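To begin, one chain is listed below as structure tokens, in the form predicted on its own.
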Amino acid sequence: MPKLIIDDIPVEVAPGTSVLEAARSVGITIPHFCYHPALAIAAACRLCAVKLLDGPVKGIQMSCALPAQDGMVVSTTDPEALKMRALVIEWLMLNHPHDCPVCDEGGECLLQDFTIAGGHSRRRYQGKKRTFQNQYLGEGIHHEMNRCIECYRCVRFYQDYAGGTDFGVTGSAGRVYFGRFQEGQLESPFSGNLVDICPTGVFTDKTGRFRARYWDYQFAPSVCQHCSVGCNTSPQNFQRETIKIVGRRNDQVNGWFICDRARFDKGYLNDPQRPREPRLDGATCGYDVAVDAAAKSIAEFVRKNGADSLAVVGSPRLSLEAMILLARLARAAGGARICYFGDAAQQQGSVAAARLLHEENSAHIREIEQAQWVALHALDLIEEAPMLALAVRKAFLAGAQIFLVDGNPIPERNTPPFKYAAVESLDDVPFEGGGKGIVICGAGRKDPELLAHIASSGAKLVILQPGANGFAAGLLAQEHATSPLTELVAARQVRGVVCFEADVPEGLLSGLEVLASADWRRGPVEAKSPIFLPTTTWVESDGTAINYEGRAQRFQRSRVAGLPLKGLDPKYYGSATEAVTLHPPRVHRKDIPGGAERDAWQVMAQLIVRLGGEPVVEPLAGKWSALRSLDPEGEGVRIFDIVSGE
């Protein structure tokens, strides 16, 4: 363990730690641009200069590329080091547009911060600035090449880390250019991360340009809801509109990055067509009026038909809190049936995964990155869990063999960033020494016997769930011995349903009486329901989600519910007339326009009370109470001990 002294502070770090990282470990920030913890060292920007006063190395050195060694005496404030950093900043700014006060990176620009920190405030260069032509890089990313300081972070991420091939660096000397040979949509499904890693605003989120400054945003730690990986994100909101979604570091789940779907697929959160008002028989009403009507409808239905003719239906879109209360609501209704899945094949795969996985055989992302071989069983990884493709690529680059077992041809747009060998069955995969091997498959529509066979192989497992909270749905479906809605309907065991954020196909509803529903998006259930209660989305609520590996993570409300204050661009509306109609009313009022939504678990809690059940003080009760203190900014906890009652 090297021991060194940085600015008179003794530091002991792990072998291989750079001087820059060692300084950071004791709270000393050395200005830098090209260094990024997730990328290889480039030492391209020359800004992290420090002076070595004593030890095995002497003089001015680049701290990001210098491993910490025993006996080093480092000064980050030596006049020579400060002078060099100031000069570096000055020549980095020679050709920069120098328009920081008005650019859309304001408040998020490392160049702005370090220019000020470096002491450069007056331009001596009087020559003509170099200029570049920007490129169209797709609907997600805006290109502003004149801001580039040639730190190479973008190309190191895009090519080396993400395996992209359509973006790179051309030119030489002062004409180095970062872009494509021909302008066009970036092909990598991880291209949006250029926005996060670029320190100067060459790449910015086109979907949120010039909408708000960093200090204007409301944001909170959150968890992506697009697949079961559970990547950590931070939605950035301004005046009740989600403007941007950025990645949030969690080394146990997604590292530093997120996929483009997580970053850019957010239109539904701001959708002006979202149902935002409670309805009773097609007419808008108060929330409590709708809850009273729903409770009355449920009670009457149970009295006439019996509780076992009623099903309360949820889905993997619900939070863990709501899933737990779904069972309590069923009991309050006299013993109604519970459905966490509509489709039988999805339930059997999800339940099997929840039953088969445990602390020892469930693989997380670090174990995937260090695997000796990875078998993708009948899987389109880019479609079902994009971020795991980067973990598999890391293993591939380290020498792991990758197999695609019994898989359909992968569409060209979803070509993974690693080479693989297609084999017919798991028998063709070398399972010997399976401790370092990992099988990745999907739970949805998988035969439980096949999953059990895979689990018996000795390899570690990744079983991807159908939905962001599919693992929790599988656990609770197993605990309560529930049946999927399709089976109950086929057996004519259910005549009425109450749905909570459930995607029930229209055909399945033809023989059912929908008593009430609660959701944040439109669909066949919402259209048929005589009583409708709007619920909040995941950016408007607190909750808990359990990812594919059994890791519980807390997400927090990052904005209040309600119509965006500004309204949306007319292109998002059916017509200009509709855009005007849906704009929030410009009148003084205490309540938020369109802000009647409530969390799904709160709706259930109200129904439970109205049906004669005990008031719900805290949805995470019993064995789940261990999750109440879960830190939303932490790495999450695996729930296997909680489930087993240990």
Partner chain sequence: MIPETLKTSLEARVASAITPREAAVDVMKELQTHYGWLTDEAVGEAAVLLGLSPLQVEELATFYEMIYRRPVGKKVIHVCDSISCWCADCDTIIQYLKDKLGVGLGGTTADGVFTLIPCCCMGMCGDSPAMSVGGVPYGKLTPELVDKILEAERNNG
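Only a predicted model underlies this, so the values are computations on that prediction, with no experimental measurement involved. Numbering follows the first chain given and starts at 1.
Same protein, other form: the form predicted together with the partner chain, not shown, and the subject of what follows.
- In summary, among the residues 442, 192, 179, 550, the only one with a non-hydrogen atom within 4.5 Å of the partner chain in the predicted complex is 179.
- When the partner chain is considered in the predicted complex, only one residue from 513, 166, 343, 196 comes within 4.5 Å through any heavy atom, namely 166.
- Heavy atoms within 4.5 Å of the partner chain in the predicted complex are found in exactly one of 329-337, 502-510, 247-255, 166-174, that being 166-174.
- Proximity of residue 155 to the partner chain in the predicted complex falls within the 4.5 Å heavy atom cutoff.
- At least one heavy atom of residue 159 is located within 4.5 Å of the partner chain in the predicted complex.
- Contact residues in stretch 107-137 (any heavy atom within 4.5 Å of the partner chain, taken in the predicted complex) are absent; none meets the cut-off.
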